[in-house]
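Okay, so here's just one chain, in structure tokens, the form predicted alone.
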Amino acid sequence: MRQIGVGVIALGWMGRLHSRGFRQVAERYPELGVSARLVAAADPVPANREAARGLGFEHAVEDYREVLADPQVEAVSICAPNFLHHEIAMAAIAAGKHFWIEKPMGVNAAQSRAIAQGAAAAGLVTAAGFNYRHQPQVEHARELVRTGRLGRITNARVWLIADYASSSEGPHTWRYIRAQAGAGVVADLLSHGIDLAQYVLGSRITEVTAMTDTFITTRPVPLGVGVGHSAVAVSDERRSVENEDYVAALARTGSGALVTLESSRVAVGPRAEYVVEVYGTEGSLRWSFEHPEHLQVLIAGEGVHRGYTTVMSESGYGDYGRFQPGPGQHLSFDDSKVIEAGQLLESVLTGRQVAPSAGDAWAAAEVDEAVVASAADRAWHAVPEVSGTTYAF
């Protein structure tokens, strides 16, 4: 079995998730004949470096440059905060390391373009963290669209509504600083919706108009460092939130379909209401991450009832059969990260781009930037076309 040495940069929630994903590849994808060797992890936070031992890393360091300089590391995961993505990714490219990077790939489209073009010029394979597209029912939805079962696609709705920042007493972290996070919920959640729309419809978003708002304008300064969205103690001092909490957008695709997009990080009620609806001249479908094993499908002319049929997940829908032995179960958020890890290692092994690419992340970043610009001037904005995507438009 071929071993591929990997390093993980930043061992917060996402870095730990990447690490566990790598460990499962040999089990879930035995036909690849490949396993991940967890060589090194880098994180400036002592507690995160301590966690590296339990995750199976051979050693942990403070400086990510040590991971990139290690000749035993062939590929790296970049799980640091947004404002470090560009610096670390460009350093990985210079070091000749394949990489798996979380989205948004940079704090703006220019950074994302530099990363995607740099990786392509260096002949590196990449992976981007668009994990929702790996849900089996999303893959099945894409197949129904691509094979014409729904007829001509007329419109779609995609929304990602969450409550992780709904408390006004939640700590003011880097996520709320424009220089460090870039956009707010546009980059954090809507980018997933943009990817889902383009991936399922098979057509790129060409123009957008949008509105945004910031509903919680100040947050308390934290007294410590948390992992992911975990709670930490806060002080009495408050700082201004510099990016948006909510976004609603209208979009057109190259195929002529109309798309509505919506995201919130401050909704009170929905925890992770992530939904895709697609409408065509011969049918429609609906998928929700709250019940990921279900796909609601209606195809005109099939059956006498004008209502949705609930199609359950089963082997043959994406990578479902690698995780569950029988139909009707669901794949978790963590499982979808195992799929990404497997796709990255397959890409490294074969030299063929299998995973969602840095080009896909660049494509989403261009839509993100057009959305933010439109919200500022209240006009329609064209979305530049990019290269190096895996969408196969």
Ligand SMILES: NC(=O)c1ccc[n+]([C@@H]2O[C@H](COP(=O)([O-])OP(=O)(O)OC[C@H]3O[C@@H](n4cnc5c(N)ncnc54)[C@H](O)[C@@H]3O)[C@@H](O)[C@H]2O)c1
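Residue positions are given as counts along the sequence shown, with the first one as 1. A quick note: this is a predicted structure, and the numbers were derived from the prediction, not measured.
The same protein also has a form predicted together with the named molecule, omitted here; what follows describes it.
Q: Closest heavy atom of V311 to the named molecule in the predicted bound form, within 4.5 Å or not?
A: Judged by the heavy-atom cut-off of 4.5 Å, V311 is well away from the named molecule in the predicted bound form.
Q: At 4.5 Å between heavy atoms, is S347 in contact with the named molecule in the predicted bound form?
A: Answer no; every heavy atom of S347 is more than 4.5 Å from the named molecule in the predicted bound form.
Q: Is G129 one of the residues lying within 4.5 Å of the named molecule in the predicted bound form, judged by heavy atom distances?
A: Contact check for G129: yes, within 4.5 Å of the named molecule in the predicted bound form.
Q: Report yes if any heavy atom of A358 sits within 4.5 Å of a heavy atom of the named molecule in the predicted bound form; otherwise report no.
A: No, no contact at 4.5 Å.
Q: Report the stretch among 195 to 203, 117 to 125, 245 to 253, 78 to 86 that approaches the named molecule in the predicted bound form to within 4.5 Å, counting heavy atoms only.
A: One stretch meets the cut-off, namely 78 to 86.
Q: Using heavy atoms only and a 4.5 Å cut-off, determine which of H98, K103, H140, R219 is in contact with the named molecule in the predicted bound form.
A: The residue in contact is K103.
Q: Of L32, V354, V45, L38, which one comes within 4.5 Å of the named molecule in the predicted bound form, counting heavy atoms only?
A: Answer to the contact question: V45.
Q: What residues, if any, in 310 to 343 have a non-hydrogen atom within 4.5 angstroms of the named molecule in the predicted bound form?
A: The stretch touches the partner through F333, K337.
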